[in-house]
Ligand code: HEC
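First, one chain by itself: the form predicted on its own, in structure tokens.
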Amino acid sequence: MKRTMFIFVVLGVLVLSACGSPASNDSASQAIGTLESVPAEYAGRTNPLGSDASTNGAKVFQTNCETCHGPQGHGDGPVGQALDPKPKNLAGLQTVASDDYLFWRISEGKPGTSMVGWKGILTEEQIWQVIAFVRTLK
């Protein structure tokens, strides 16, 4: 009887913990974490393009970013599922990250993750277009 009760308690705790915690990329606060300071080389940069650049940015994003970050930037792309750590939820990140932070991270990547630097692969204009698109994500 005690063993059966113990098994039910353990199973109940497992079920409740699985149901009660959000997925790693579902919550904006988990997607964001603490943002590092932008290096001087990138500090203060702002997007020189208008919001209309998001149309071209969507195309660049679809070609280069969607497989990891997913179509809506939630970090749920098919390749991203196999990565550790998982890709950032860009829809949440864009609400708190400055243009210079996004430009820096896209250009240089992030050590310790699968986020590669796109500088030299994408033009500066394409990176700014992607940032304009990321700003539309919800």
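In this text, all values refer to a predicted model and were calculated from it rather than measured experimentally. For every residue, the number given is its place in the sequence shown, counted from 1.
Absent from the display: the form predicted in complex with the ligand. The rest refers to it.
Residue contact with the ligand in the predicted bound form: Gln72 places no heavy atom within 4.5 Å of it.
In the predicted bound form, Pro87 approaches the ligand with a heavy atom inside 4.5 Å. Contact between Ser54 and the ligand in the predicted bound form is not found at the 4.5 Å heavy atom cutoff. Contact between Asn47 and the ligand in the predicted bound form is not found at the 4.5 Å heavy atom cutoff.
No member of the trio Ala91, Trp128 and Thr136 reaches the ligand in the predicted bound form with any non-hydrogen atom inside 4.5 Å.
Looking at 96-120, the residues that come within 4.5 Å of the ligand in the predicted bound form, counting any heavy atom, are Tyr101, Leu102, Arg105, Ile106, Lys110, Thr113, Ser114, Met115, Trp118.
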